[in-house]
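Included below are structure tokens for two forms of one protein chain, each presented in isolation as structure 1 and structure 2.
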Structure 1
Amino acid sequence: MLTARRVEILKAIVDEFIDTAQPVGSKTLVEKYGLPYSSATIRNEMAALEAEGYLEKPHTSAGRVPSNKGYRFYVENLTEKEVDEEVKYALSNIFDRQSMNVEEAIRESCKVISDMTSLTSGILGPDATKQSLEHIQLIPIDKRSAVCVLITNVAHTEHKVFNFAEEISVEDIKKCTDILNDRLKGTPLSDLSEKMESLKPLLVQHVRQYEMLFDAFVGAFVKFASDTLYFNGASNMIYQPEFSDIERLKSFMGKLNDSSLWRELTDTGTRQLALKTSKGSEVAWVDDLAVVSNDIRVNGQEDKVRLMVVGPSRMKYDKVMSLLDFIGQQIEKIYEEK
């Protein structure tokens, strides 16, 4: 049972371990946190917290460290911090750039989060396996480049710049997009590249510079069909004591391209210790890794983009959750109005 005294001791242990990455002993709790209990009483309570699964005792130390169950209780009951005004001002500068589309704003936010937390941040886009193509638009920039806009049946949008080796006519661009919209609408994203091959004879017949356009669209479809997964600040893990073991660091880096893994890790419905907070963030723990995520929906999209922060379980949850919640709210508010 978590009495008020045990909660007080648990909070102090989590706070201290987050700051120092060192196992916490009763002496530290008395001297640094001024807890009004004797060392013997604190040791007894720490033993009880360990027996209940909230603390763990490393083999090489007499101190204790939080378990994933302890972190869950801490996040659920003991974090309250809001984003301060200076941070809000710094973040607001991201959204002042009117030329940014929502995808660019989310990526820039991802970078800012990594810088502010010294952790790894990431973006996980909608699941491509559940989407089909709705519409294609190719907008000329100049005679050798154009912006391709791809829209799915769930209103997810991707932009890609096509740079051509030679000048290409507006007429060819129009003919090509008309054919693709007519023949590819409703095609699952995973089948687009294969379907393009069957359209090649038709493009040869009607589009003079079909080769450049064909290659550009195939490349775009391959990228579009793969899950959108982007990370920033992966190198920040080098400076975390938990990743001083090079093999563990390599294992973490190797996981950054596995979108199915990150979908599973951020799905709180599949993990016993996962938690959906009152502010909207979701937190999941696996081994000594914590993943905090927040879903962003804009422009009436049925599907969503998931913004994530990944790091050791010993992270400043109040700061991370507040940042994600604030950024998610700002993006949804600003881009719904555009």
Structure 2
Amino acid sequence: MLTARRVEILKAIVDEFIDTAQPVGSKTLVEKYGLPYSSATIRNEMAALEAEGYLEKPHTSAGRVPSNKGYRFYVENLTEKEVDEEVKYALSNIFDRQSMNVEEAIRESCKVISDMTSLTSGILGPDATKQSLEHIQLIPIDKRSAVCVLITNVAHTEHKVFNFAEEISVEDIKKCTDILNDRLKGTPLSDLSEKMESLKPLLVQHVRQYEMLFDAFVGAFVKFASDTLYFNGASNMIYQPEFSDIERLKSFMGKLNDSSLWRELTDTGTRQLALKTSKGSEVAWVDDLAVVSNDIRVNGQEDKVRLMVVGPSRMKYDKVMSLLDFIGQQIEKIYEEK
């Protein structure tokens, strides 16, 4: 049973532990947090909190450490989540530059998040299997290069600059894009390069410089289809005391490169200990890691970009969550403007 006093004690323990990374003892709570109970009372309450699964003991003679269940309660009930003014100011630089690409803006914010939290942040792009091609355009820049613009059914766009070995004729570009638009519309992004292969005969027939164009498009499709996993600040983890052991770092780094893992990590549906907060961000706990994520909806569609922060369970949830919420709003605003 979580009495008000136990909640009070739990909050103090989580706060202290997040701050110092050291197991918290009953004496600390009296002395440092001025709780109006004796240490013996607090010990009794801590024992109760442990029995209910909110706290853990690293070993007998240490203080208590919050369990993931404890963190979950803390995040759900005990954080207030407000964004600092100074933080908003720091971020305004990024979002004020209207001319910036949405992708760039997201990446930039990702970097800022890593810097500000000293954690690892990541972006998981729209699932390539769920998007299909709506339209392709190829705009010549000069005689040997062109921009390829691809638009998906969720109004998501991607750009890629092509550079050709030889000069390329405008007619060929037109013919080629006409064929592709005709034949590839509606194809899921993940199948594009495969389906492209089957168009080869057709292109050979109608397009003189088919080879260069073909290679260029295949390259572009591969890029567009790849699960856009991007992450940043992995090396920040060396500053986290929970990673002072190199082996832990290694295992963490190994996990990062696997995008399916990221998806799973933040898939609140399957995770028992996950939590969906009111403001939008979600939190999930796995072993001694916590993942805070925020889905950015793209033009009100189902498909979305997921902004994430990963770190040890011992993280400043209020800071991270408010940051993620704020940035999520900003990015959605940019999307709306477009």
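Just so we're on the same page, residue numbers count up from 1 along structure 1's sequence. Just so we're on the same page, rigid core means the largest C-alpha set that superposes within 1.5 Å between forms. All of these numbers come straight from a predicted model, not from anything done at the bench.
A.B. asks: Any idea which of the pair is the form predicted together with the DNA?
C.D. replies: Between the two, the form predicted together with the DNA is shown as structure 2, not structure 1.
A.B. asks: Quick check: residue 240 between structure 1 and structure 2 - does its CA shift reach 2 Å or more after fitting the rigid core?
C.D. replies: After core superposition, the displacement of the residue 240 C-alpha between structure 1 and structure 2 stays below 2 Å, so no.
A.B. asks: Superpose on the rigid core, then tell me if the C-alpha of residue 251 is displaced by 2 angstroms or more between structure 1 and structure 2.
C.D. replies: Moves: no, less than 2 Å.
A.B. asks: Would the C-alpha of residue 262 be classed as shifted by 2 Å or more between structure 1 and structure 2 after rigid-core alignment?
C.D. replies: No: residue 262 shifts by under 2 Å between structure 1 and structure 2.
A.B. asks: After fitting the core, how far does the CA of residue 165 move between structure 1 and structure 2, in Å?
C.D. replies: Comparing the two forms, residue 165 shifts 4.4 Å at C-alpha.
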